[in-house]
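Quick setup: one chain, the form predicted alone, written in structure tokens, and binding and motion questions come after.
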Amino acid sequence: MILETLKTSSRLLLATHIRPDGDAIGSLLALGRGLASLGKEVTLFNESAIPAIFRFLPGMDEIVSEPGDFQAYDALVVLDCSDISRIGQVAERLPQDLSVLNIDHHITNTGFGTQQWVEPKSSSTGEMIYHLLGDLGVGIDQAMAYAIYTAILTDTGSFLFQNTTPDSLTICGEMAAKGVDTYKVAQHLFATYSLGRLKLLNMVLETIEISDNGKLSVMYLTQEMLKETETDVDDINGLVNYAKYIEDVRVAVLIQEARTPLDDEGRYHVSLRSNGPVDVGSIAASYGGGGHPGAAAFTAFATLKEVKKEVMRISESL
């Protein structure tokens, strides 16, 4: 049904989750460009600021932070979101009669929307978009190829995560054949650090604590650290993985202070990474969050001390 809705719709709003990662951005850009090539009027939306590391992707300047009048669209396509609330505050403004297409690969997807296509076995939403573009009869050009390659590369952790599939590797090979400079992508995503980011990494590493059984590692990051190192949220990407590399650790956690002037209490974004068979997606879901078996997150409203104490309790089940 999603395929038919996309074919028959003239005006489409595409959205993905706040704090977008490579899969979210890549899926948004690839599908948006593909639909536009079919003559559709397409608006790409994300409520958050786009991380600087993705600005090399073609079409980034087309993403807007305000969708405008929802009544102007035939349908809303929500990409890479386990729940409709993940698109941000605009979720509260959606008209009851707006058709919502849910395209996602998270096993924790709530099944929201008018129509759903959820594939937990896919490495990424970008992998799904690749197949969807084929079903729509869209020829993938170089710009789409960069977006799809970035989506799959980032969500598989550069093919290090367990969600890497033969299909994802084949697709990335095809995208490289279409002109994607894989070295250029890697440099932008993983090999270009500012001095401030290195200082931030040093500060965060000094906060590492290990659970009594040695199976869980926790580190934290505060707004004061960002201020002192003159860095921002763009520089946080990938930091949690350093805690995952510790011998015998099964789950790594980064607790990031995310409080805003509008918050009455502490607000923390808690990122989890699995270093083995542990399903951190299920753990995050138990706290109202979600994600993949290998990478997930949730939001906590408490003091840093309370959040750390609660996170340490996770080790008891590892």
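Numbering starts at 1 and follows the sequence shown. In this text the structure is predicted, and so the values were computed from the model without any measurement.
From this point on, the text means the form predicted in complex with a small molecule, which you will not see here.
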Task: Stretch in contact, per heavy atom within 4.5 angstroms of the small molecule in the predicted bound form, of 57-65, 44-52, 25-33, 282-290 - done: 282-290
TODO: Spell out, yes or no, whether the shortest heavy atom distance between residue 15 and the small molecule in the predicted bound form is within 4.5 Å.
DONE: no
Open item on the list: Does any part of residue 269 reach within 4.5 Å of the small molecule in the predicted bound form? Heavy atoms only, please.
Closed with: yes
Open item on the list: With the partner left out here, check for me: in the predicted bound form, does some heavy atom of residue 10 sit within 4.5 Å of the small molecule?
Closed with: no
Task: residue 82: touches the small molecule in the predicted bound form, heavy atom cutoff 4.5 angstroms - done: yes
